[in-house]
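Before any questions on binding or motion, here is one chain by itself as structure tokens, the form predicted on its own.
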Amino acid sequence: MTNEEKLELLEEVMEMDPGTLKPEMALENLEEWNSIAVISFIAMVDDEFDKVIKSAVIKEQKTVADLMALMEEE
């Protein structure tokens, strides 16, 4: 999966317009990154990548790029 595709998935999770997110953006500065988005991210990663990510791991992530790294296929 390309980085562009990962960004598109994250934009869907956060209900953002396409092309809005950039890897270097800090999650704490994104109004759309809230508890609902976290739950949606967990579900999306499970569906798309067959991975289970705990919310504690997600809370440690600081940037959009950090989330993209969690989406890596193994």
Partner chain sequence: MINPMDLSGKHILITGGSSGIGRKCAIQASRLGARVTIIARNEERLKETVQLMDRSEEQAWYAFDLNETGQIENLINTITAERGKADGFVHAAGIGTGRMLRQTTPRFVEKMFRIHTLALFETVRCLSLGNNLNEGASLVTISSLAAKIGNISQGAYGAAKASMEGFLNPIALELGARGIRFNAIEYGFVQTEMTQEYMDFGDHKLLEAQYLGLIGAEDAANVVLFLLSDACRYITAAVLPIGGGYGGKIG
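Numbering follows the first chain given and starts at 1. Predicted, not measured: the structure shown is a model, and the values here were computed from it.
There is another form of this protein, the form predicted in complex with its partner chain, and it is not shown here; the text below is about that form.
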Check for me whether its partner chain, as it appears in the predicted bound form, comes within 4.5 angstroms of all of A43, A56 and K59 - heavy atoms only.
yes
So in the predicted bound form, does any heavy atom of L30 sit within 4.5 Å of its partner chain?
no
Evaluate V64 for contact with its partner chain in the predicted bound form, applying a 4.5 angstroms cut-off between non-hydrogen atoms, and reply yes or no.
no
With the partner left out here, check for me: in the predicted bound form, does some heavy atom of I39 sit within 4.5 Å of its partner chain?
yes
Examine L21 and determine whether its closest non-hydrogen atom to its partner chain in the predicted bound form is within 4.5 angstroms.
no
Taking its partner chain as it sits in the predicted bound form, which residues of 1-16 have a non-hydrogen atom within 4.5 Å of it? Please list them.
E12, V13, E15
